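Each of the two blocks below gives one form of the same protein chain as structure tokens; they are labelled structure 1 and structure 2.
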Structure 1
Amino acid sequence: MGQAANGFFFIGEHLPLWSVIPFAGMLLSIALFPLLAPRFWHGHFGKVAAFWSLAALAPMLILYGRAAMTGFLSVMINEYVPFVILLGGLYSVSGGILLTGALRGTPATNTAVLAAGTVLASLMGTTGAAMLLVRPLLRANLHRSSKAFIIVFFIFLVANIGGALTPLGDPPLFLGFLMGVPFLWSLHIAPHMIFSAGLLLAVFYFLDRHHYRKEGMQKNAPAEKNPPPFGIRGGWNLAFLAGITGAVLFSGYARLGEISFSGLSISVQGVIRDAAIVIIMILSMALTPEAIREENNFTWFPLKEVAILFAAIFITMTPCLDMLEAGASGRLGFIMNSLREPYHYFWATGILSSFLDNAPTYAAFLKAALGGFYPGMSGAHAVPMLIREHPAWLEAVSAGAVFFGAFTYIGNAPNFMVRSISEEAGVRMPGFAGYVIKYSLPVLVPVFALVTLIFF
């Protein structure tokens, strides 16, 4: 809603604390329903999302009328729609690329696949890279008895940490891009990412080697009799991925003005970017043989789920973000007062990103940082100032949101897709608690502690 919604007062300063309840309810629903009532959640998540959306919308519309409506519409048009279009573009285009050939799941091969995925994640999105590589990785390790840890490290690296370098990589960074963070600014967290990924790859290699030897695989690893030739099908989709990157870059640098109507403003370059991505999606769907997508087990269903859930997340988080943007004078001022140093932001953003989705968490803490330094100032003006004057805070929020998304299955959308595909393929993945206790706490916490010591 923000000040753009009303020329006379800043809504964020007046919103009551209870207006964050729908946002909290939505995020808690995402966190708890898959654990406590997965069947109910699978069948009715749309209704739950609609409930929290209405719970957020109705009181705001009653209290603030047109100003609130304009604010919600602005968020949906300027942030939600581009967000879903980009996710859809990356997801559908990468779903048209099929890696063929039989890899053998040795420690070196697995580490190489994870390293390649980590690099690809920033170019084609964590979702795209994860969907591209998870099935070849599963096929390569078909003969292995210990597989779950391979998939867990895949989630750590390919589905999360690898996406830290560009707004294409991970949804939080794209939200930041939409809020005014330049496209290439994310490279500021390249050292954090390279350090974390390098350390995790090394840990993975030795862990995998240990299991490999324990399984006696070095002598008995079966070789497939007639392996299909190694290759890539649907390779033209790589050009489409480059097209999406180009479209996003274009929207970051071109300044073609705005279209304004009914109190709403939409940037022309944003419209061109979204139209280009939609056209690329259509071309990819039309030009890629169905067989390739079917071999990839491509389905629109996960994207539909993400689109529905994120519609509710964007609606319910709007009051919360406005309050954070108001800084110390808003009802969430206590958060700003308790977050003072970059490492506070790194861990606070991270811990919440672990248990809530990392995209809205990123948005909330970026607003908190902006509200702390520049209370009441619009994001368009405050973000460049934050980058110029306090870049470490933005680095902390970005790294916290992206890295800690790996901490649980619910931290980032691709995590659950990878888990689902692996479980369908017969891998006994750890449960929610098992994942955290057996892997995240002993592996990720020390790595993130080192990141804190070195970089923040």
Structure 2
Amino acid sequence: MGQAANGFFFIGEHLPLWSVIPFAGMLLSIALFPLLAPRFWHGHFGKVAAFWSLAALAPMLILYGRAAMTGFLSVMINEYVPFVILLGGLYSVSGGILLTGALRGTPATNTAVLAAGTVLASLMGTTGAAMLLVRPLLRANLHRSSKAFIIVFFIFLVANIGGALTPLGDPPLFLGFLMGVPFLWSLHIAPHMIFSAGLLLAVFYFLDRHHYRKEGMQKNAPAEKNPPPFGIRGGWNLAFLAGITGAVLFSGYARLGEISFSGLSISVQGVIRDAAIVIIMILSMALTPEAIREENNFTWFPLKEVAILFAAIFITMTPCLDMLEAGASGRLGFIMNSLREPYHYFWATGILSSFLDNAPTYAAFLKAALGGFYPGMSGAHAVPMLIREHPAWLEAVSAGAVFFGAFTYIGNAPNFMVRSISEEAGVRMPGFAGYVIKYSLPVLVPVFALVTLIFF
């Protein structure tokens, strides 16, 4: 997005503030339509997404012509398509893994599942861990009357904060790896992650215990007769998950050149990665018995919803990100000019990552930090120097991008998918605004404030 090579980066220096209106409209549509007109939204969200996409594309094409078209195509080909392929691969493969057994949603069990998912997220990615565990968690809590908060904390921990320890965990860290940050450097924010996750798990346990006791009769419901033994059906899909992880890791280390056409460039290793994931996805669908997916309540709707909505989000947020990448020269230069201390970077990166794609937001603020300390120096030389001389700034950008992805449903891709799967399972999830007001502001903001005081 906004690559200097295709000219669209420089457009960011001239874009007017009104170019963010379609993105704001898309966010408001996601927030308000499900609450005010749920039937209309369920049947026509694709049309709403198309409307705001055209509202963003048309004026940019009129004003900037081919440069704008090249920029948008670069975003969709190099970022959106790999995003959907990776998401689709993880979603379809994890949907073929059925965890069996008499798992019952007590506070201790739920906390253990969230803790396990938090650890797994850095090993197999937030999307992989979330897709693997959300359905067993939902089945374990079928008898519970209050369970939306369980899924919200699952989003906080498994779909976001748990992915902070490796580049495989969350897209911003993988992008940092591609920009020259060493693979294991993310362990520097392990204390930040352990503190945040530990505090959230403690809050969750006591909140869940409160609801569990309040439910009364549900707590004392008889246990299932002759429960199935603990086990895994469709276990070969774990090998497919490892294959997807390997494909992603390969694309980070390999340097096989680029394919260029019409002003666009696509990395060869990226094409190989995406092709491998598609092949793995096809094999998983062909080899997994339909009965396993049926018991998992697997449908394609959550993936379809995310693919359509995020296509519009990627398109409409492009002007916002290009203005950020333009730095002090863009209309959002006041944000970049206000950055002085690590905690500024933590909160600025985080807040914008809550509403924009957190990977390019991470890149924009990392570039801002590099430009502030080492103006004119190439990233290959500046990144090692930043790590050696000013590591707190990179820690702030990394933690902000990953942690704040939990702040809204669109902060990170698995958030929306977990919400959609949960609603299909009958859980009444809070709307966009309800999620932020009821959970993110009172729970996450105090935790992140403590992270700021302790670490930044």
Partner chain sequence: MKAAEKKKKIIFATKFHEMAFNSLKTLFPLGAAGFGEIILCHVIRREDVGFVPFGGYLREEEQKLRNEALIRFEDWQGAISEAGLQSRAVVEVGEPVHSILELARKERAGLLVIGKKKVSLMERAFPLGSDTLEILRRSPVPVLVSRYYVEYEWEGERAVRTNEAIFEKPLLAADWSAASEEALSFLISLGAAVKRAAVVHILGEKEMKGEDFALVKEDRKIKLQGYCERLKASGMEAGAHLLSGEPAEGILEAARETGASMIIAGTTEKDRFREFFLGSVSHKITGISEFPVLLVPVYKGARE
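Each residue is numbered by where it sits in the sequence of structure 1, with counting from 1. The term rigid core refers to the most C-alpha atoms you can superpose between the two forms while keeping them within 1.5 Å. Everything numeric in this text was worked out from a predicted model, so none of it was measured.
Between the first and the second structure, which is the form predicted on its own?
It is structure 2; that copy is the form predicted on its own.
Did V278 shift 2 Å or more between structure 1 and structure 2, C-alpha, core superposed:
Passes the 2 Å threshold, so yes.
Superpose the two forms on their rigid core, then report whether the C-alpha of L187 is displaced by 2 angstroms or more between structure 1 and structure 2.
The answer is no; the displacement is under 2 Å.
When the two forms are laid on each other by their rigid core, does L157 show a Cα shift of 2 Å or more between structure 1 and structure 2?
No, shifts by less than 2 Å.
In Å, how large is the C-alpha displacement of P289 between structure 1 and structure 2 after the rigid core is aligned?
For P289, the alpha-carbon shift amounts to 6.0 Å.
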